[in-house]
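Shown here is one chain on its own, the form predicted on its own, set out as structure tokens.
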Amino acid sequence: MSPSNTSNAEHYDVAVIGGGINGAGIAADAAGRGLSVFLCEQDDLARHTSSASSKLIHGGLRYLEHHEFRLVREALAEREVLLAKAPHIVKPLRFVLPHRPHLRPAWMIRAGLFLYDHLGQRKKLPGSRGLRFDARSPLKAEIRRGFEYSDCWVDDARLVVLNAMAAREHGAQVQTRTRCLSASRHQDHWHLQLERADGSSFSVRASALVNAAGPWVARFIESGLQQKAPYGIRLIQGSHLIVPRLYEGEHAYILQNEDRRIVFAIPYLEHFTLIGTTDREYRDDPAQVRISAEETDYLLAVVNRHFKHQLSRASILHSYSGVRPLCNDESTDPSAVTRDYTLALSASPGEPPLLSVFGGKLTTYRKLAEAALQRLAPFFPQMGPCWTAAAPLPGGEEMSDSRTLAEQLRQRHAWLAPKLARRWAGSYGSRAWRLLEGVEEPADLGEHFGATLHAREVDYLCRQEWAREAEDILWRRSKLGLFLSEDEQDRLRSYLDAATRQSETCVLAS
């Protein structure tokens, strides 16, 4: 469809550009308020920044040093909101902070933890306390004292997918691997030119446009809209390492470094420890970000200064990097750049609005979405009220915790392997029952690709969660890429290729 032929294009109330956590969250909130919503993502959902986080729902203890009290208060309150909304993918996590007197005095840490305990509403999560370490501690002998407090862990990529599913279940149209080439104002609406991965193009119209393109937010304004971005973006690279389990226990460590930054060591998938993150300026293509040798050495050095067990490059099983698109506050220190979000609304009288999202963090995505809809409310008097705080995300319905659900799955299906039951409960929540509809025995799960991955789950992810490629399944919908061999991963790719060819044949036949 040519740009001039706009009358036949589908019309929506809101079009959202970007399928990361902010775009998916805004789409879900808007659709749940009764607005018609179109969401497009140029790659897979959560393909970039939103799957490359430290996988934490946290208040941001170190943000207190930068006096970001509003952000910390909002994030602290969101911990328990998200625990209730998605108990299958959000889990309480205790953090141990070893005391390094030459970096921060004990009184400063105690004061910070006091604020952390009381700034936000805290009903389920226990408060902070002091610790003494003995010879059994995995920390070096000279580290004898520390502190402990609460935050939460989250499967970041699944949080994005669940919000996209919530948007779809409220009527939104979600298109992945669909790039918005341009958008232009036409009287009372926006006209978007879009291109699918196969090269085919189409267009849609929308009464409002939300630019949630993450690292590409400013670039889209300048190249896709031919306008000047209202704010500058600073791309801050954060990298992580995954190593074999470094210590026993289900708690995480927050490690202070000599440069006053912090590094997390977090239990990961039962067998591993996740180490991160870094903060460095990034000026290249956000889609090509990779961990640097300097970042690798930095993370290993911080961990080795704290733990008895020493790591080397040979210890690294996997690494990943992402780019945080932070609003430029002119800070000279990348670690001090604000993690708060800024919403820029552009609309002259009679024009359809453009709302651009700058910055933000995983923990506060829901509040960001509420703020975005509040800014758009004057343009949609028919829009419903706030609703997301008490509404469960898909899979969070009628469940208390994933451990109990795993036991229920096995009670109903005694043949189900305990490891598979635990993983499905912790990934899909109550939607795991849908995976088992019509399944009577292990053979009904279909081809086994390795670890606990079967064709039944792969088909579900393709039908219900927009998965198309092996990497979508192995590294975002699940993290089974850490467990499957190259040969097993190749078999999965062959299976998906065959399914794609069959689907294309059916379309041609019809």
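As the structure is a computational prediction, the values presented were derived from the model and not from experiment. Heads up: residue numbers just count along the shown sequence, starting at 1.
Same protein, other form: the form predicted together with a small molecule, not shown, and the subject of what follows.
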Go through 411-419, 137-145, 317-325, 386-394 and give me the stretch that gets within 4.5 Å of the small molecule in the predicted complex, heavy atoms only.
-> 317-325
With the partner left out of view, is Ser54 within 4.5 angstroms of the small molecule in the predicted complex by any non-hydrogen atom?
-> yes
Quick one: does Ser478 come within 4.5 Å of the small molecule in the predicted complex, counting heavy atoms only?
-> no
Check whether Lys361 has any heavy atom within 4.5 Å of a heavy atom of the small molecule in the predicted complex, and answer yes or no.
-> yes
How about Cys180: is it within 4.5 Å of the small molecule in the predicted complex, going by heavy atoms?
-> yes
Assert contact residue (the small molecule, in the predicted complex, non-hydrogen atom within 4.5 Å, options Val90, Ala213, Ala172, Ile275) equals Ala213
